[in-house]
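Only one chain is included here, represented as structure tokens and corresponding to the form predicted on its own.
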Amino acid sequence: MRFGVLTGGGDCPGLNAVIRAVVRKAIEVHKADVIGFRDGWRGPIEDLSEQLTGESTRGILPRGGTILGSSRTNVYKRENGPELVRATLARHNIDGLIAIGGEDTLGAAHRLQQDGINVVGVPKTIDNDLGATDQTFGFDTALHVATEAIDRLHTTAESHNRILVIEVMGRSAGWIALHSGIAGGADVILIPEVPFDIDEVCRLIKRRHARGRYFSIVVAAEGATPREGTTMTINTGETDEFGHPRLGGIGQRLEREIESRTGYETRATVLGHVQRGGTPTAFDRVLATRLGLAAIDAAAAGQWGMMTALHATRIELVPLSEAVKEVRRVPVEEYQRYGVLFG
């Protein structure tokens, strides 16, 4: 047997742990070869490949990023994309692919499966917004990075009596913002699922000042938008191959709005891609390894069209169609539960 593996979309701590687990078990247990495709779906389209071995994957467990590289290439935006993938797999006598990615990578995997190409999916995204799984690897690492940043910014905010706005990732789901904000003791948390009222944000900050707390921490997901419908995100007009706008700028806009409305000195910090990088946490290393082991088992058993998923403490298989059906967002009632902690 021969299997292909690729990593698509944004890089994510834990990707190498999945690759390592897939290769180790494929070779040692299933007596199979593993071909790694470089740069996401661009790899099988352009036949950018290399054989992965125990030696080539040695020592990669704690490394961030992905040894295979990644991209946001969309198979269905490339001329004859699915046919080129099919031809590449046939050229290498590959039985099927293990695709490690988020909603876009796995969405393409689901369509390819429907077109007759064997695929198993592994869920990956720091945003934690994939359906059919309780948590994705990468989220825990990003959460730790964001929480540590908030902890560090608390001291400078208090020292200078400033309002500090921390912009974290989260295009359409506010899991990072909510959990890091709660863990870091933020005074205001803004998420895409609940449009915010800038006047209410300023009221909470002013209330803190009236109580003698002359600094505040505001955590905002990059996709947060105001209730009144006028966007505060800076949309460059650019989109990727999956049609997603390149967001950014909510932190700076909030900085200006809060300072002009309250008169309090306000500064914004954008964490950006630092949330994606670095060594994965122990939790993410273990979760990624478990998902990888289950993925190669599913491929060896011919259970195509499935995705490995975390349900409570168990790793189970779910249909790819369920995973990409809708974005997993923060329930409004969960966000509202924490409202008593704001301000």
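One rule holds for the numbers: they count along the sequence shown, beginning at 1. Every value quoted in this text rests on a predicted model; they were computed, and no experiment measured them.
The form predicted together with 6-O-phosphono-beta-D-fructofuranose (F6P) is left out here; the points below concern that form.
Enquirer: Go through 208-216, 79-87, 149-157, 269-277 and give me the stretch that gets within 4.5 Å of 6-O-phosphono-beta-D-fructofuranose (F6P) in the predicted complex, heavy atoms only.
Expert: Correct option: 269-277.
Enquirer: Just one of Thr73, Ser180, Thr141, Thr125 has a heavy atom within 4.5 Å of 6-O-phosphono-beta-D-fructofuranose (F6P) in the predicted complex. Which one?
Expert: Contact with 6-O-phosphono-beta-D-fructofuranose (F6P) in the predicted complex is made by Thr125 alone.
Enquirer: If you check Arg261, Arg171, Arg111, Arg203 against 6-O-phosphono-beta-D-fructofuranose (F6P) in the predicted complex, which one has a heavy atom within 4.5 Å?
Expert: Residue within 4.5 Å of the partner: Arg171.
Enquirer: Is Glu167 a contact residue for 6-O-phosphono-beta-D-fructofuranose (F6P) in the predicted complex, using a 4.5 Å heavy atom cut-off?
Expert: Answer no; every heavy atom of Glu167 is more than 4.5 Å from 6-O-phosphono-beta-D-fructofuranose (F6P) in the predicted complex.
Enquirer: Residue by residue through 203-224, which ones have a non-hydrogen atom no more than 4.5 angstroms from 6-O-phosphono-beta-D-fructofuranose (F6P) in the predicted complex?
Expert: The one in contact is Glu222.
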